[in-house]
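To begin, one chain is listed below as structure tokens, in the form predicted alone.
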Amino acid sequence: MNKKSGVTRKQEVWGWAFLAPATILIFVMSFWPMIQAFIMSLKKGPAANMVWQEPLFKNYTRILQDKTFLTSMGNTFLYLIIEVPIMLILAILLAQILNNRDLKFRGGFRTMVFMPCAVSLVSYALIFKSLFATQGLINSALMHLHIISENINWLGTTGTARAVIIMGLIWRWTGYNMVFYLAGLQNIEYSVYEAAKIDGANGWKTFWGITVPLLRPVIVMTFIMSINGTLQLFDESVNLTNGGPSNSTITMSHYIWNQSLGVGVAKFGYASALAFVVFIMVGILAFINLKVGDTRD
């Protein structure tokens, strides 16, 4: 008994020894900056000489009165509500199609769908900016097809600029999520589908009755990652529209950047408060998704 206890104790010591470096790094690189950001969010003034706010939570009460931030929050949630469901539905449908054993050149098709994800964020934003320019390829094609009679200012009008950002997000990230669904589908035994086919289930019933329930953990994971990524959306807002016209397409992360480093005098205290609010939003939405997707009794 004592010998077994000694072995167990030795295993625990070695376990903690292996975990310690990673645990220390996670604390130093993740949790400590979060703590520092919260402390900074209670202060004001230049970075080298910050003092406590009076009252202490003034930066947080200021957020409720900041119309530009409320606009950026509305824009970000608009992108999230439209882009995330469309992107994930397309991803799961493409994964289902490209998982078909009888499809020829599956590898080539999978590579083509995934390729946009491998393109640099800045590069693809510049490509979309060029495509949707007033004299760009999209307007030229629509004019040639007689769909429009004059060029559309895609990036200079609020509605169309938001649409371009949403299209860019769907184009770039659909293939990324498809890979997760494809991996999940390949873990489902093919005999399950054959049994369903013998029982007379058509493709649609098989999809909803077998594929979606068995992929639920993957769907929850991709949903959380997509929400997290969209709430921190930055590159598209900066490189495609620069938040314009008149901040009508600006995202929360873009606005935080402007407050801290982008425009005028740096307001690190207020920017930290904004960042902490976004962090809380991400945490709440992730918690809700985990609860909704939890199928345990």
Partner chain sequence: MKKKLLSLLLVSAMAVSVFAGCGGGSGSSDTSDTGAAEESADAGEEAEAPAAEAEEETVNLGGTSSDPNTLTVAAWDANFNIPALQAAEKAFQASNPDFKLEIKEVSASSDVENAVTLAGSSGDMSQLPDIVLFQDHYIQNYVKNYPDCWQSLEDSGIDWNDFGAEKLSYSTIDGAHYGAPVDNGTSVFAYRVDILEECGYTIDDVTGITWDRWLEIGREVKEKTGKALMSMDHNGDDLPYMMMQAEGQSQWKDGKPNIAGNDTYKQIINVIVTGAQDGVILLCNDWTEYTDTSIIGDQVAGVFNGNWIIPTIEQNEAASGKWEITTVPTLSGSEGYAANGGSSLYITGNCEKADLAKQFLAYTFGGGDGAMATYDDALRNGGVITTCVSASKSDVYQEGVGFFNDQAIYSKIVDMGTHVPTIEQNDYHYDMRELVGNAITNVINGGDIDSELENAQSELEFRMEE
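Positions refer to the first chain, counted from 1. All values derive from a computational prediction rather than experimental measurement.
As for the form predicted in complex with its partner chain, it is not shown, yet the points below apply to it.
Considering its partner chain in the predicted bound form, find the one stretch among 188-196, 72-80, 201-209, 151-159 with heavy atoms no farther than 4.5 Å from it. That would be 151-159.
With the partner left out here, check for me: in the predicted bound form, does some heavy atom of Phe223 sit within 4.5 Å of its partner chain? The answer is no: Phe223 has no heavy atom within 4.5 Å of its partner chain.
Is there any non-hydrogen atom of Ile86 lying within 4.5 Å of its partner chain in the predicted bound form? No - in the predicted bound form, heavy atoms of Ile86 and its partner chain never come within 4.5 Å of each other.
Is Asn100 close to its partner chain in the predicted bound form, meaning a heavy atom pair under 4.5 Å apart or at it? Contact with its partner chain, no.
In the predicted bound form, does Trp52 come within 4.5 Å of its partner chain, counting heavy atoms only? Trp52 lies outside the contact set for its partner chain.
Within 4.5 Å of its partner chain in the predicted bound form: residues from 88-118 (heavy atom criterion): The stretch does not touch the partner at all.
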